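Read the single chain below, which is given as structure tokens and is the form predicted on its own.
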Amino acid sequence: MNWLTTRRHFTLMVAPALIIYSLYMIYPILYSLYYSFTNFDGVSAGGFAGLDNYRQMGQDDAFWTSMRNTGIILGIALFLLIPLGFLLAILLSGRVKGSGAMRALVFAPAIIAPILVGLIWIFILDPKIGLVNAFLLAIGVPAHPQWIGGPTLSPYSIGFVYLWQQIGFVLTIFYAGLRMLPRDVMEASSLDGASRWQQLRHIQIPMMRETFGIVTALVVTGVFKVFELVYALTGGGPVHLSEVMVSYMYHITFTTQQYGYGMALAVVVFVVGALASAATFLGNRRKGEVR
């Protein structure tokens, strides 16, 4: 099997996968980039528009609202989803009775289609028929917050539902990382008198740096793909106040049929997501080099 180690044969073996990847990934990116400089409407050929679509984006209030809402969901994911997922993994990794069943229950939402998750949470968060406002009314709270469909709370509610759906997935990755830690290190620290908090702070978290990096990268890229939850919960309304970047791109492209402008939005979504992912990987690498 020495022939497998040569660069030539390695290239030949990778080539089929690279060709398929190029056809299904790189070509659509280049296709979108090309049409982002046109006024293509999906029917006619469309003429060259230069940077007009990108100039329009700078003056589009709904686009900046979608950017802000995506940032809100990203903040919830980074500062709540990841810490809570790790905390649950810590709690369920010990010898707790029923921890296996608990892990299965927490992971269950991750395997439900996002569109169904959105439909489920409509019956919980809807201002008129939702269980949350019904409970508040039952205990005598007169206010009926617009958790979804309102001008303020919608992106936070979407972020919370996204957290609920993804926390089982994050927990599973952290749980696997915890199980891979060498037991002799933990046992030695216990013999040396280290408390549970000291083990967590000085042993487990540092040794799981790569796991944290993977989870962060997956969460960041996942936020920039949120669409079904928005579509099911609010439809982007009212008046685009709950749009995220992907849902607004979908609306412009397939509802208003401004394909050229929609492709420009798609390019921006791709670039912002790629930059965020690159920043995450570079940050993790620098932390590793410092340590």
Partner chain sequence: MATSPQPAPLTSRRHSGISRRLLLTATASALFVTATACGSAVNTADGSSSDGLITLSMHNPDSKTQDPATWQMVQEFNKKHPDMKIKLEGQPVDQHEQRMTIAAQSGTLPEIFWVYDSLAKTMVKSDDLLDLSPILAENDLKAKFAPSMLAGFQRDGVQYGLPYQALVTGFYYNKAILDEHKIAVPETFEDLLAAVKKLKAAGVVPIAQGANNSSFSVWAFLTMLDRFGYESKYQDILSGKASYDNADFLRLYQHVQELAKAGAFPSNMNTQTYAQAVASYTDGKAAFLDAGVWEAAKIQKSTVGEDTGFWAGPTFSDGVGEQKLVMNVPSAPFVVSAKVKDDKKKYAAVKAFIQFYYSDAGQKILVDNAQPPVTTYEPAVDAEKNSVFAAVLAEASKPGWKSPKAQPDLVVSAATASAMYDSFYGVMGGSLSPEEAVKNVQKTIK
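In this text the structure is predicted, and so the values were computed from the model without any measurement. Positions refer to the first chain, counted from 1.
Not on display, but discussed next: the form predicted in complex with the partner chain.
Not displayed here, the partner chain is approached by Ile148 to within 4.5 Å at the level of heavy atoms in the predicted bound form.
Contact check for Gly50: every heavy atom lies farther than 4.5 Å from the partner chain in the predicted bound form. Contact check for Phe40: a heavy atom falls within 4.5 Å of the partner chain in the predicted bound form.
Residue contact check for Thr70: none of its heavy atoms lie within 4.5 Å of the partner chain in the predicted bound form. Comment: 124-132 is the region of 189-197, 204-212, 124-132, 96-104 lying near the partner chain in the predicted bound form, near meaning a non-hydrogen atom within 4.5 Å. Although the partner is absent from the chain shown here, none of Phe79, Thr280 and Asn284 has a heavy atom within 4.5 Å of the partner chain in the predicted bound form.
Taking a 4.5 Å heavy atom cutoff to the partner chain in the predicted bound form, the contacting residues in 246-277 are Val246, Met249, Tyr250, His251, Thr253, Phe254, Thr255, Thr256, Gln257, Gln258, Tyr259, Met263, Ala266, Phe270.
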